[in-house]
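Presented as structure tokens, the chain that follows is alone, the form predicted on its own.
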Amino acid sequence: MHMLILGAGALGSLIGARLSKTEVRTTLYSTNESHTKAIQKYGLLVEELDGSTQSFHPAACSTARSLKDPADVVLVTVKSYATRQAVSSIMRCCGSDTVFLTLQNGVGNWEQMAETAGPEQVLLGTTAQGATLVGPGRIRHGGGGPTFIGERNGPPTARVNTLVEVFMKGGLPTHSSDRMEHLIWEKLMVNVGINAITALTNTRNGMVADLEAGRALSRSAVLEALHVAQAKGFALDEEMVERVLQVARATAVNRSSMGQDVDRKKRTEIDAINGAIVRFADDARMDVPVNRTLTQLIQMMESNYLKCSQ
């Protein structure tokens, strides 16, 4: 099996590192040329949770034209706003049997991939693994957690079970599921309660759970999002508030992906996370003032530094 990691930033690189120790032929594809060159020259260094540093040697490239071999599986970990363009860019090395698996933040990624690759070729996934890009060719594993893979509708299929087995061999606790959209919304609650808050306050995930102010803000954002999810038919309850804080504790040393984007003055995924809650709430004529404020603050910050970098 040849697996292409499309968008090998922190999370994609972590998963690629783990899978490179299995029989799967793994290729990391990132447009971050300094990152891929470092991997090509020195290997991928992973700072582990126990403080040790491990070296991995997956293949890596930074341009689509460098992709020579067809991909059996494309693991999509690009930012949500880049999904359609990224998938389109590598279609020439994909066939009618290529499986696309999204492990991205936010909602709407399956739909974008389905438009390009075809709905029958796209699987849904979600993961609680956390990682930070420390520098070119070096990442920090910020926290572990389960990964779930499944079809958008219906029970797990043979291809789902195959990928679950592959991830397990790579040391990634993984399960199949027949309720992936529900799990995607659960992951959205986690992102809603951590990402924008840590990005705006320049903190790591653990501060959301450690400080009363962080807990209160996270709780308010998640409760709003829960009400929106319930209105859309997803049976989530207030237990999610504590689960979000548990994730913050489990990934305490990790800088959220949105926080990393802000640190590097990159575009964030706010529109697919808190911004998505705002859009759904507007459609349902619901009030979500905390999520609206978090969204607007991130949008202002992002607009300012992107404008200054032009």
Ligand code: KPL
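Predicted model only: the values in this text are computed from it and were never measured. A residue's number is simply how far along the shown sequence it sits, counting from 1.
What follows is about the form predicted together with this ligand, which we do not show.
Contact between A196 and this ligand in the model of the complex at 4.5 Å, heavy atoms?
-> Residue-level check for A196: no, no contact with this ligand.
With heavy atoms only and a cut-off of 4.5 Å, decide whether Q129 touches this ligand in the model of the complex.
-> Close contact exists here: in the model of the complex, Q129 approaches this ligand to within 4.5 Å, heavy atoms only.
Determine whether any heavy atom of T83 comes within 4.5 Å of a heavy atom of this ligand in the model of the complex, and answer yes or no.
-> No, no contact at 4.5 Å.
is_contact(N105, this ligand) in the model of the complex, heavy atom dist at most 4.5 Å | Yes, N105 is a contact residue.
Using a 4.5 Å cut on heavy atoms, which of V278, A60, V247, I270 is close to this ligand in the model of the complex?
-> For this set of options, the contacting one is V247.
In the model of the complex, which of the listed residues (N109, N191, T77, S218) lies with a heavy atom within 4.5 Å of this ligand?
-> Among N109, N191, T77, S218, a heavy atom within 4.5 Å of this ligand in the model of the complex occurs only for N191.
Can you say which of 32-40, 46-54, 66-74, 254-262 gets within 4.5 Å of this ligand in the model of the complex, counting heavy atoms only?
-> Contact criterion met by 254-262 only.
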